[in-house]
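One chain comes next, on its own, written out as structure tokens in the form predicted on its own.
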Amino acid sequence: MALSPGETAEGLSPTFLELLRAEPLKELTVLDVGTGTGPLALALGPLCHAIVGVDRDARAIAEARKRAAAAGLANVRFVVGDVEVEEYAPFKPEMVVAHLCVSDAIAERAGRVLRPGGVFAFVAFHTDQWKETGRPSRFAYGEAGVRRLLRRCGFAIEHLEVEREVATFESVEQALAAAVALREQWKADGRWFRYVKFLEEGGRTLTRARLVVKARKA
């Protein structure tokens, strides 16, 4: 699918980046959990005192390191690790961020490591993401669920919004073409056949929806 008008080349929400830039990043050590190939860490690197990206995918981390070196970002480093299992204290973060890698375990670890005033900010899949497939992602959150989670982890929400884009198609063929990059993944988890059924029954939409959240440790 094409990027929405408000997305960066790597799919980062401008609203999310603006929320992060409002913090005194030059004074902060930031932990980017589930960093992947490092798009968020690399975007924040020039603005931060230091940033550490962690991901369990060693190949993604190797690519992120290459990208940081090519960009000359000496204050950005990448580490292989499981952000849902390992504690964050060794990284000494003053802010924890996550882009499309959010879970209860991550929020709990952020809550344990951050001191009062520390920020946990993230973009998560909303429960409406790909709702036409009839199967929400196990990583998706609704507004009420994320509010309960953050309250339980000791955070006060400062910003919560849903960024939603609903693509509308004129034909079944056009709709299938728009989702072709997702076909193999969706076939593996059963979504593709449900989406085809939705289209055969007259549906002509495909929804992208993400939660953008900024919370502060109470």
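Quick note: we count residues from 1 along the sequence shown, nothing fancier. Please read all numbers here as calculations on a predicted model, not as lab measurements.
Another form, the form predicted in complex with a small molecule, is not on view; read the next lines as being about it.
Next on the checklist: Which residue, 140, 113, 119, 83, is the contact with the small molecule in the predicted bound form, using a 4.5 Å heavy atom cutoff?
Outcome noted: By the 4.5 Å criterion, the partner-contacting residue is 83.
Checklist entry - Heavy atoms within 4.5 Å of the small molecule in the predicted bound form: which stretch among 174 to 182, 146 to 154, 189 to 197, 35 to 43? => result Single hit among the candidates: 35 to 43.
Next on the checklist: Taking the small molecule as it sits in the predicted bound form, is residue 107 in contact with it (heavy atom to heavy atom, 4.5 Å or less)?
Outcome noted: Result no; residue 107 lies far from the small molecule in the predicted bound form.
Checklist entry - Hey, in the predicted bound form, is residue 65 touching the small molecule, heavy atoms inside 4.5 Å? => result No, no contact at 4.5 Å.
Checklist entry - Just to confirm, residue 56 within 4.5 Å of the small molecule in the predicted bound form by heavy atoms? => result It does: once the small molecule is placed as it appears in the predicted bound form, residue 56 has a heavy atom within 4.5 Å of it.
Checklist entry - Closest heavy atom of residue 101 to the small molecule in the predicted bound form, within 4.5 Å or not? => result Yes.
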